[in-house]
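One chain comes next, on its own, written out as structure tokens in the form predicted alone.
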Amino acid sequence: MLRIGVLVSGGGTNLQALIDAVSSGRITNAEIAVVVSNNAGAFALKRAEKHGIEALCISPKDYACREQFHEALLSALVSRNLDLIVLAGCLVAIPPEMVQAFPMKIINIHPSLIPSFCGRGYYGLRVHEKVLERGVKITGATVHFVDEGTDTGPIILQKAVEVQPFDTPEILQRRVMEQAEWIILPEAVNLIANGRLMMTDGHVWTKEKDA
């Protein structure tokens, strides 16, 4: 059984997609063991509590320096014997120490088709604002492994979403969530939980079910 820790900073809609997928059987051989937020007011923590999942707030505001915060966060994750960490709208930069402690065991959902509209400064609504400013016709979402760069880890899954003529950033953000993020994040977790990913030359491939 894959033990999952979810890191989230806000409302937790992607967290809810994971909870629903576990409940419905879309994700098998996995359980969400803990939800951690850097924001005490994050609704994601209430979502976790409602479903009987341990909910923790570990905020940098509660520590004298960023290093102490990183130590506390890493200690909390390591002590819970997690097999996978999912960044589901986590707005805190992941320190290299965490990547080293969980090599190829941290995944992130990003609201664009990487390598477009990603990297430092591209998060949340800003991604969709930039998509509309550029005038692209297709956007989407990406699930990728986390390395020590920003949105540079190996890609697991992507799903495209059409940009409509009268989209606002908020409307586009919602469509990307509904048509891409809430679909491919649970799918990626299920692939990992059932040993259906392989990597060659830094690229991730999906194994057939009967392979």
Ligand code: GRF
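Please read these numbers as outputs of a predicted model, since none were measured by experiment. Residue indices: 1-based, along the sequence shown.
One more form of this protein should be noted, the form predicted in complex with the named molecule, which is absent from this view; the next part is about it.
Inset, instruction - Indicate whether the named molecule has at least one heavy atom within 4.5 Å of a heavy atom of G195 in the predicted complex. - result: Flag for G195 set to no.
Inset, instruction - Give a yes or no for T13: in the predicted complex, does one of its heavy atoms lie within 4.5 Å of a heavy atom belonging to the named molecule? - result: T13: contacts the named molecule in the predicted complex.
Inset, instruction - Verify the contact flag for I184: yes if a non-hydrogen atom of it lies within 4.5 Å of a non-hydrogen atom of the named molecule in the predicted complex, no if not. - result: No - in the predicted complex, heavy atoms of I184 and the named molecule never come within 4.5 Å of each other.
Legend entry - the named molecule contact in the predicted complex: L77, any heavy atom under 4.5 Å: Close contact is absent here: in the predicted complex, L77 is far from the named molecule, nothing within 4.5 Å, heavy atoms only.
Inset, instruction - Check each of V163, I58, I53, M177 and return the one that places a heavy atom within 4.5 angstroms of the named molecule in the predicted complex. - result: Here the answer is residue option M177.
Legend entry - The unique member of I85, L73, A88, V131 whose heavy atoms fall within 4.5 Å of the named molecule in the predicted complex: Filtering the options by heavy-atom distance leaves A88.
Inset, instruction - Would you point out which of 109-117, 95-103, 77-85, 131-139 contains residues with a non-hydrogen atom within 4.5 Å of the named molecule in the predicted complex? - result: Result of the contact check: 109-117.
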